[in-house]
Structures are given as structure tokens and as C-alpha cells.
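Take a look at this single chain in C-alpha cells; it is the form predicted on its own.
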Amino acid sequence: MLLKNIRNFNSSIYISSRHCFRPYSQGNVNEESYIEDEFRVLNLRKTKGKQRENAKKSKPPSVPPPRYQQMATDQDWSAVWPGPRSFHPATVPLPLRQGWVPLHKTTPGKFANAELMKIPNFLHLTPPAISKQCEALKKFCTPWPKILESEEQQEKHFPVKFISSDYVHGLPTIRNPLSRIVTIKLNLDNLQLDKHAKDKFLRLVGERYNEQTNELTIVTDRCPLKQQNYDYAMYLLTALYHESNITEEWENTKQEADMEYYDWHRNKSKVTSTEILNWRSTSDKKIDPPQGYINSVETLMNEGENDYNLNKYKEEVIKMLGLS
């Protein structure tokens, strides 16, 4: 049985191979009909053509008009543009144009304009939107204190002024090196220093003190962060205040030649003027020079001679001696 099946299989292979490799010239056999009968033909052209016909027949999807053409004239803009986002030409109802073009050319419009999309905008901060946000934040705010209505009261309760800057720019980083700089200002009278402490304080701060406005200015920019520079500035102010109120032992042994400024109470002028006023006086109570004369002498010796100081000293001497 097995041999019979093998023989039938070999004969079938022989017949099919003989039929396949039959030459085209035998008899009157048509070549095209022979191929169609024996092999299935794959016609790619007809398939592509049908696909193209189907593609041509398909209708393109309907594109809706831009949103700004469908919005009403009284549209709530804060609902359309509630927060910061990139520019969208179909939403903004403004004929914006931006971009460089050659001479006698029209500036590009807002559609497909990369210049409008890459820059920051403040379309979410319109006056009505800001008013709405302020109304929403009012319930979290407290009323302004009545004792701080004037600038004098504000300076009395908050003597230290803190000044810093924030910057908005288009860079890869949100940090600007200049935003770390901190400035604090303070009126020197608010520190309530005595004469010794004030003189020592002014010598420590140097050029940071403005004599005309009686204001101290400290600028810090050593640290990388704003808060660090603020803490450093407050540390400097605290250290200067406490250091000025310290009196060293060697300061009590200072003589007139060691003084950095002219002090009336430690100078011979006090003794001389007191003796002149009490000349021929029989009373045990001595007459002291007036405060105006003391101030004029100190100003003349510390600031130097000028027309104003000399005239002031002259007036005080005449008034003290009663020669007017």
C-alpha cells in the first residue's frame, strides 16, 4: 500500500512538472490564456486606482470658524482666557501683527505667527479680570489699620524700609541675578543712640550714612538668594547697633588730643567761657554758657570755617556777652 502511494505521488509530480515546463510554441495555445489558467495575476494598478477613486470621493471634514467670530460682543473675557497661556490666534479677537519683514512688505498676521506665540502675554490680566480677582480676595483681607494712615505714623511703627526688585524676562532660567540685591533704609533718630554711640555708629557705617537726610542705607548682594541677603542686612544692622553701645575701657582714658571730634565738655573752652561769664560775680551759683553758643563752637571746630559758621558764632558770642 505504501509503495502504491509513492508511485502515484511520483507520477503526479512528473505530470505536473511536465505540464509546467511545456514550451509556449507547442500547438496553437495562447500565452495569455495559458497564464490565466495556470497562475493568478496580481494587478496592482487596478487596486491603486480604486483606492484613489475612493479617496477622491471622500469629503474633507468641515472646519469650524475661529472662536473669536462666534463670540458675542459682551463676552466675559476672563472665562475665555482665565490664566497665563501661549498666544492663540483663533481666540484673540484682535488684528495683531508682529515680525520683521523687508521694506515695502506687510507685517505677518496673527495666524501661524511664531513671534506672537513665543513671547509672554498679559491677556489674562485685563482690568475686569483683575477687579474680579480682587473681589474674590477681599474676604481673606483685613482692613487697613487706622493708626497707619499717614507716612509719619508708618515710619514710626515700621522704621526699617526694605527695598528689592523682581524681573520678568525671557531666558532659560526664571532667576535674574539682579533680583538678589536687597536695600534697607533707616532714619538714624529711630535708633535712639546717645552721643557716644552715635559717633561710634557713624564711624562704623562710613559713607552709608547721608547727613542731609539723616538716613542710613545698607545694600547687600553677597548671597545668591534674596532672603539670605535680607537676613545678612538685618544682621549687620543689629551688630552695628550693639557694637556702638559698647564702651571699651580704653575709651575712658582718651584725652583731648585723642578725640576724633571737638567735644565742648572735654575742652578748655568750657572752662574759659565759664570764667568769663562769672567774672566779678559774688554769687556761689555759677552761670553756664548758653546752649546756642556751645553748638556754634562745636559746629565751627568740627565742620570748619565758612561764612555761615563764622556769622553764627559771632551772633552767639554777642548774645552771650550782652553786647547787642
Partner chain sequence: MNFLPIIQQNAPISMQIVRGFRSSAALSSVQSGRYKITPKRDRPLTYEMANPPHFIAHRKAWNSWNTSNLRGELRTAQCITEDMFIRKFMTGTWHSLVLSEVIIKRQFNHIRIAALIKQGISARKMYFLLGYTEEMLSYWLQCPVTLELQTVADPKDVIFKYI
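Numbering follows the first chain given and starts at 1. Worth saying up front: this structure is predicted, and the values here are computed from it rather than measured.
Here the subject shifts to the form predicted in complex with its partner chain, a form of this protein not shown in this document.
Stretch 161 to 169 is the answer when you ask which of 161 to 169, 222 to 230, 141 to 149, 126 to 134 has residues with heavy atoms within 4.5 Å of its partner chain in the predicted bound form. Not displayed here, its partner chain is kept clear of residue 82 by more than 4.5 Å at the level of heavy atoms in the predicted bound form. For residue 93, no non-hydrogen atom is located within 4.5 Å of its partner chain in the predicted bound form, even though that partner is not displayed. Though the partner is left out of this view, residue 246 does not reach within 4.5 Å of its partner chain in the predicted bound form, counting heavy atoms only. When its partner chain is considered in the predicted bound form, residue 213 lies well away from it, no heavy atom lying within 4.5 Å. Interface residue among 75, 153, 176, 187, judged by heavy atoms within 4.5 Å of its partner chain in the predicted bound form: 176. Of the listed positions (196, 88, 208, 97), a single one reaches within 4.5 angstroms of its partner chain by any non-hydrogen atom in the predicted bound form, namely 88. With respect to its partner chain in the predicted bound form, the three residues 204, 257 and 261 uniformly fall beyond 4.5 angstroms at the level of their nearest heavy atom. With contact defined as any non-hydrogen atom lying within 4.5 angstroms of its partner chain in the predicted bound form, the contacting residues in 112 to 129 are 112, 113, 114, 115, 117, 118, 119, 120, given in sequence order.
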